[in-house]
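Quick setup: one chain, the form predicted on its own, written in structure tokens, and binding and motion questions come after.
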């Protein structure tokens, strides 16, 4: 059930009415868990047991760590739980990839083996709720929060349907304390939430899904298109994936807000960044900060010298690439990100940038960000590394191109959407919606939703991040 489907509108409307009619906080939690498991079952009911099991393990382990009397005992709880959660993700998502890769390596050395293939279907949302569980256990272990006595609270946190299948990646300390008090409808920013949902709907159904056929056409047969089209399509694809994923985050955040809950911001116009590192701080913020807090900092962060810092940057970006998908293109994507961010760090620390006027630094940084974004877009979208190499060669005039062009100009679409993002941020339009007169707001929203439904793509696509 997609957020852009009529089914979701009906589901949420029914849930919304019952939720606000209930005056008991515990009853509301039970309703949220039941509705969330029902929402998940509409995708595939067979994975409900896995979701429930992972939640039970997290609850038991967190309580065990919290009640432990020694650090040794705490570690005895921690290590098996991490093995369970990461191992569960590894089996479903990565086993076949590593098995095939290992078999291919042996074959290249002259040893022919048949890889063991499990061919398991990837449970939707497993990459996200695994990180939810791990962060909860880690925070209890590091004494950042206390373990909850109520299993209901943890079940609500892990399964809450607005973020269950594609984030944002929540921390227990961000969300669970909100469950302690009965939400009041008078505190809900209704107009801002409805407007945010509309923005997310337009991003996904009107823009991303209408861009998708053009991007697919170029990536399916890049040699048929001109070098300029191939180069422009890389930026167009980077915008499509942003619209697709941030659209999901917007609609999920808006749905939660209408129930009285706040989610952390997950995107902040990454294409307006002025450096590759700045881009990463604006893109999928909940994952970036998760990797920083639970991997980069425990590895030592920027402490321990220059080369150890670069090592940590490499590990974090490699893990980020692999998290996104079990394919060598994602490994390449992670490695390329690590190289670019490490290079930028060296330039920043050299003091060279300070000799350039600030305005030129911003322009140059923006240009470099778009250029590197285009490069990494190939690796993120292409089916294999050979396609990545071919498209990169074409876009730089190192391989012959075709004569075809898209019926739309990729760069014109890209920069038009970029301009809209700039205006929305510059004038804080979401905040202005909350202050608008109710009657004017209702008319504008009615017209806007009617236009959005009229302009939406007739071929609705699943959200791209569902596959992760």
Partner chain sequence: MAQASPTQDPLPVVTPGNDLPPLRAGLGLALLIATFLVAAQFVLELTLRDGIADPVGRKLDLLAEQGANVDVILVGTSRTFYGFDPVAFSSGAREAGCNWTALNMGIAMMDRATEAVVAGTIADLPPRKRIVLFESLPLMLTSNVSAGQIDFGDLVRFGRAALPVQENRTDLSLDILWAADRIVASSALISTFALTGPDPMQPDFARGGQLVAESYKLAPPAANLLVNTHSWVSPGEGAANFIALRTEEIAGNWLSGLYAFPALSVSGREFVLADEAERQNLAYFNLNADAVRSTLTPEDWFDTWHLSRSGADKVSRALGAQLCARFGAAMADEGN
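Positions refer to the first chain, counted from 1. Small disclaimer: the values here were computed from a predicted structure and weren't measured.
This protein has a second form, the form predicted in complex with its partner chain, left out of what is shown; the following refers to that one.
Chemist: Do residue 262 and its partner chain come within 4.5 Å of each other in the predicted bound form, heavy atoms counted?
Modeler: Taking the distances in the predicted bound form, the answer for residue 262 is yes, it comes within 4.5 Å of its partner chain.
Chemist: Could you tell me if residue 114 has a non-hydrogen atom within 4.5 Å of its partner chain in the predicted bound form?
Modeler: Taking the distances in the predicted bound form, the answer for residue 114 is no, it never comes within 4.5 Å of its partner chain.
Chemist: Any chance residue 253 has a heavy atom within 4.5 Å of its partner chain in the predicted bound form?
Modeler: Within the cut-off, so yes.
Chemist: Whether residue 268 contacts its partner chain in the predicted bound form should be assessed with a 4.5 Å heavy atom distance threshold; does it?
Modeler: Residue-level check for residue 268: yes, a contact with its partner chain.
Chemist: Since the partner isn't included here, can you check whether its partner chain sits close to all of 5, 443 and 453 in the predicted bound form (heavy atom within 4.5 Å for each)?
Modeler: Every listed residue reaches its partner chain in the predicted bound form, so yes.
Chemist: Select from the listed residues 366, 151, 314, 375 the one whose heavy atoms reach within 4.5 Å of its partner chain in the predicted bound form.
Modeler: Contact check passes for 366.
Chemist: Between the options 345, 390, 282, 74, which residue brings a heavy atom to within 4.5 Å of its partner chain in the predicted bound form?
Modeler: After the contact test, the surviving option is 282.
Chemist: In the predicted bound form, which of the stretches 102-110, 139-147, 317-325, 268-276 has residues with heavy atoms within 4.5 Å of its partner chain?
Modeler: Within 4.5 Å of the partner lies stretch 268-276.
Chemist: Though the partner is not shown here, which residues of 198-231 have a heavy atom within 4.5 Å of its partner chain in the predicted bound form?
Modeler: If the 4.5 Å heavy-atom criterion is applied to its partner chain in the predicted bound form, 198-231 yields 212, 213, 216.
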